[in-house]
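Form predicted on its own, single chain, as structure tokens, below.
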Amino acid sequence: MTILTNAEIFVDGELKKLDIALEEDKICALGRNLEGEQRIDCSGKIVLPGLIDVHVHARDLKQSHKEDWESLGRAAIAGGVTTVFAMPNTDPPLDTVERVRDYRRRAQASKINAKVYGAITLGNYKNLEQIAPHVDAFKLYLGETTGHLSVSDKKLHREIFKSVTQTEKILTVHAQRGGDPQDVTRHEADDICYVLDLAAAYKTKLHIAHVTTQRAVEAILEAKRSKVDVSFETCPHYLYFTAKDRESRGAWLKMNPPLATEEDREFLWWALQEGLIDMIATDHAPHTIEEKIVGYAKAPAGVPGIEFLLPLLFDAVNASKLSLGRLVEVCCTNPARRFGLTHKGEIAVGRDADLVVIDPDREKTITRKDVGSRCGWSPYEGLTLRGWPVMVFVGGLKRNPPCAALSNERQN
């Protein structure tokens, strides 16, 4: 039995000075002065549930030069993430039972909890019931993205929503159409209203990926009031960057959907703190430096992000832009509840021993040499953040994030 002692533990919505006992892959006790074979002193640290990122591109297969499961796991641990949902627009795509099974085997190299989406394509939309037992959710692309899996026929959309409803799986939708960045931002709310109407008509469990604008958030909130079964996410890059940043940094901030306005960014921060946003997911979409330096027009869309998820958000907690309770809700509790991870998302006896131990005062500037993702760069380079993971437990097994070994960061 392993005992974490002298930390502040986020339990029942607040920090409490308690010990945590871990046995095998579960939390077996919470209390004071617990006894066990191994004791780990966490004085001055905060312990949260392991983060759950429901939107990650693990790549691998024919795109392992961008990322593979081993490097994705390393990056996830650095960001305090213990569970990921891997998107299916791989090469080849995860659109058959055989490919999904193979991808799950590959995911074991990550040493984290790996969930897998099934791709909905023109070739398999009639056979979703065969794939459903092997996937954790389905993904439908209505806009063009890496992998060319978009489905544009509106008649097929109705059939797809109906079929997914019958599987009882969540359908995550990339609703935003492509085009000029300003146009994509302008019509995002209309695109999202279209899928909300389909979900209402077919009673589909809908999750909307990477929402960027105030109008889109307001449309989703209105749908919720009308009892549409919908959740949604936004991403850290929409909280930290805007279209003006894209103008100055070019392909390094090219993503799909594109960055929105400063007004939208400010609204997202407000909505996040007010409890209006369900989840933060990274849309970790690694492409190599060589693929990004070819210029905006030719570069692929997408930025890496998973390994700085917790530092980015905990820095916001330290800056009083976000409460610790909201961080846990959008990165742990809400994803677990929505995606049926009944043993994850909170610290309680009997729950999975997926934990992240944070030094709230550790301060570090992100540099390229620190990037663990195989892509080798980060859009957050140069940011100085306070609050970093120093220990991570996945199923009770201790994993050391890179920050645990740092000795040259400034302590406050």
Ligand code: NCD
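Numbers for residues come from their place in the sequence shown, where the first is 1. The shown structure was predicted, so the numbers you read here are calculated from the model rather than taken from an experiment.
From this point on, the text means the form predicted in complex with N-carbamoyl-L-aspartate, which you will not see here.
Although the partner is absent here, residue 145 sits close enough that one of its heavy atoms falls within 4.5 Å of N-carbamoyl-L-aspartate in the model of the complex. N-carbamoyl-L-aspartate in the model of the complex is approached by residue 256, whose closest heavy atom lies within 4.5 angstroms of it. Within this chain, residue 93 is remote from the site of N-carbamoyl-L-aspartate in the model of the complex, having no heavy atom within 4.5 Å. Using a 4.5 angstroms limit between non-hydrogen atoms, residue 122 is distant from N-carbamoyl-L-aspartate in the model of the complex. Note on contacts: among 210, 157, 169, 115, the single residue with a heavy atom within 4.5 Å of N-carbamoyl-L-aspartate in the model of the complex is 210. Note on contacts: among 301, 221, 193, 97, the single residue with a heavy atom within 4.5 Å of N-carbamoyl-L-aspartate in the model of the complex is 301. Heavy atoms within 4.5 Å of N-carbamoyl-L-aspartate in the model of the complex are found in exactly one of 315-323, 284-292, 77-85, 260-268, that being 284-292. Residues of 21-57 lying near N-carbamoyl-L-aspartate in the model of the complex, listed in sequence order, are 55, 57, the criterion being any heavy atom within 4.5 Å.
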